[in-house]
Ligand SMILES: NC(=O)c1ccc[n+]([C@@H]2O[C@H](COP(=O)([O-])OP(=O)(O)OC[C@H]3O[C@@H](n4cnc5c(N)ncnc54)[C@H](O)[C@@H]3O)[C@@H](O)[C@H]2O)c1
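In the form predicted alone, a lone chain appears below as structure tokens.
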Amino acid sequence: MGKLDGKVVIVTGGAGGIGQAICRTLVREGAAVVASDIDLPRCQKLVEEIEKSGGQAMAIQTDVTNKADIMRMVDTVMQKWGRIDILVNNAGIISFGPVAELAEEEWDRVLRINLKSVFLCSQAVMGAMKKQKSGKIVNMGSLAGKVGGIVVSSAYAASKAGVMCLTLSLAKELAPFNINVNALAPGPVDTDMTRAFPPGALDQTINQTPLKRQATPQDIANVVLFLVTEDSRHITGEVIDVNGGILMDI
């Protein structure tokens, strides 16, 4: 028996490194997982892998900045499984550069994908969760949202600060419906996003980290798993640091 038997999960950004790790981890605990991403082929490959191992999964191409697209995703999931128990708002992009050189279009793009998507996706699933009188929402914040842009741009840092503040608002609003809303604030994670750091920046960050390593996608997925099971039933409105202790040294 898995901790998530009978649960239906939507993971946005399901094609990326962290998203795939989350999908695999929740499936192992019995959940039916929807891998949602703009990159449909990578999601389909993941779903094939999950189904071969005996799990339940579905790939849905979704532009998480487009409300109509999101509603189609939610309708598809409800038609297939009749419920939505967990939403992991993991979709996001990274951005670099000083404020003085940041184009308005880049600011808007980062805020749409990283922050607006969390608002739209959460809004889209909360009706089903309210009817069920249960649900879990986990949002992906960032260390940068707490300390500002160091390696990353101000747009990225601001978007993640917004995600974490939105988490608190959602947690307060949805608590009467037995819906838990929490966020993670990872530091660097071994993904394509972190590999895009400017030369030397990642090594410098790791050296500054008390544990002297960056997180793996599985490290993040393990904390997500905790937050979406009944093990965390009395936790809501929290932002959990998953950064190897680097926040202590900043």
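If you're wondering where the values come from, they're calculated on a predicted model, not measured in any experiment. Residue numbers run from 1 along the displayed sequence.
Omitted here: the form predicted in complex with this ligand. The next part is about that form.
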item: Interface membership of Val228, this ligand in the predicted bound form, 4.5 Å heavy atom rule; value: no
item: Partner proximity in the predicted bound form: Ser142 to this ligand, non-hydrogen atom cutoff 4.5 Å; value: yes
item: Asp39 within 4.5 Å of this ligand in the predicted bound form, heavy atoms; value: yes
item: Contact label in the predicted bound form: Lys136 to this ligand, heavy atom within 4.5 Å; value: no
item: Contact assignment for this ligand in the predicted bound form, among Met193, Val223, Ile50, Ala32, heavy atom within 4.5 Å; value: Met193
item: Contact assignment for this ligand in the predicted bound form, among Val77, Met129, Ile113, Ala157, heavy atom within 4.5 Å; value: Ile113
item: Three-residue site Gly17, Thr65 and Pro188 fully in contact with this ligand in the predicted bound form at 4.5 Å by heavy atom; value: yes
item: Contacts with this ligand in the predicted bound form - residues in 88-122 whose heavy atoms fall within 4.5 Å; value: Asn90, Ala91, Gly92, Ile93, Ile113
